[in-house]
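Just one chain follows, in the form predicted alone, and it is written as structure tokens.
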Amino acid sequence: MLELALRGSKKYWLWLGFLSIFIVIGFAFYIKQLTVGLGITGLSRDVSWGFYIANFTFLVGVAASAVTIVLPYYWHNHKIYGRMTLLGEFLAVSALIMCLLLVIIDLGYPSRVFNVLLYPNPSSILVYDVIVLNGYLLLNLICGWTVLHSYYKGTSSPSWLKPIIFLAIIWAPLIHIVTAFIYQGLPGRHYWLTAIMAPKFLVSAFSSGPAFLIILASILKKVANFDIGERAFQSLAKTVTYFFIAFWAFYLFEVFTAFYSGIPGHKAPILYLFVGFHGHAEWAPFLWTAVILAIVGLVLLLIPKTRKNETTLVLASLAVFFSVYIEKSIGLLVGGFTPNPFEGVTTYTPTFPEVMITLGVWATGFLVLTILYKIVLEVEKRRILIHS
């Protein structure tokens, strides 16, 4: 079926070419990083994780969010998601590819990844993160490609696939729970040392992921006449709304705990992110942007008239997506590292090479996603022709 991706209009090939430019530029900067080292990034002794891991954390959530489509469809027979399941599964595949690339890039030398494989330490959360991420990637590839191949052949899915789909549904939350454990298991970082980090990660994923799917489905409707249906749009919108409310509620619970208890170590990261700490407030404009986007998104989603209008629904989804992205990626990272355990402030901003390498990874993910969605669209056209 891969040959189906070779069919396309001029706009399709221009889009692939546009993505390829960013991939080449990102790869060129990555070669420089391999030569010079991580010194070309903004990382330091006090801030050992940066833009790469920030994007990794967010994208793990996007990958896990596929379960919000697959579970209702296969487990609860929610048939209005029929045209959405493959979109969700292939979004998970592309997001996981980006996640794995970002981890390899962050290691410095790619060969270091073999240390985890050759000398696994059962007490290390990173070992389990490698297992769940690669396992979930494999499960989504098997499920998505098998279902798509069945559509292509005009047959029903094989009986052995259903247990694998149910395993993928159970597996999905694990990838984000384990990622949260990496953060909340570090005792020297007050901003991350919270028992609700894992559920906060999950509700953020289950709001930003479906929001991204709404955006993608709207684009496909306009450029490829692939319509998931009004009911599916509205069902996804309600999913986004409930989980987004839960996400910011959890964040406010943390703010209350930090300031009502008065513990300086818990208050300092929040102060740094929103108003500044010891004269440093580099990220305050971004975090307040996230808050403003959250308010705009919630207003548009809670008002039935704007939620049922596709244009304002897409705007709301964009607001939700970027609100979660800002808080959960760079906000989460710099909040955890700033201030350090000695109450010092080591500022971090991603360098230009760091940003370009990350954009190259996002372009790679979108390239994979575009090809997979192109195959889905071609198979759908084939099915329509057969049944007409």
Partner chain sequence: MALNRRDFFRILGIGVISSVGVAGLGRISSRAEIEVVEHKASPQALIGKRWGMVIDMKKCLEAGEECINNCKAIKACHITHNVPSIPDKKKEIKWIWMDNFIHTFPELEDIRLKEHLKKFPFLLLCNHCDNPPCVRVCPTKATYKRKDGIVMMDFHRCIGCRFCMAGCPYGARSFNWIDPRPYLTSINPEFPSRKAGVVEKCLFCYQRLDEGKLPACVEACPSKALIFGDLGDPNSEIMQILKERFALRRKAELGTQPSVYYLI
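Keep in mind the model is a prediction, meaning the values are calculated, not measured. Numbering follows the first chain given and starts at 1.
Form predicted together with the partner chain: not shown, discussed below.
Proximity to the partner chain in the predicted bound form, taken as a non-hydrogen atom within 4.5 angstroms, holds for one residue of Trp49, Trp362, Tyr30, Phe322, which is Trp49. Among the residues Leu186, Ile263, Ile303, Ile292, the one placing a heavy atom within 4.5 Å of the partner chain in the predicted bound form is Leu186. Mapping the unseen interface onto this chain, Asp106 counts among the residues with a heavy atom inside 4.5 Å of the partner chain in the predicted bound form. Within 4.5 Å of some heavy atom of the partner chain in the predicted bound form lies at least one heavy atom of Pro122.
The closest non-hydrogen atom of Gly42 lies within 4.5 Å of the partner chain in the predicted bound form. Arg112 belongs to the set of residues with a heavy atom inside 4.5 Å of the partner chain in the predicted bound form.
The chain is drawn here without the partner chain; in the predicted bound form, the stretch among 163-171, 314-322, 187-195, 242-250 whose residues come within 4.5 Å of it by any heavy atom is 187-195. Shown here without the partner chain, the chain has no residue in 356-371 lying with a heavy atom within 4.5 Å of that partner in the predicted bound form.
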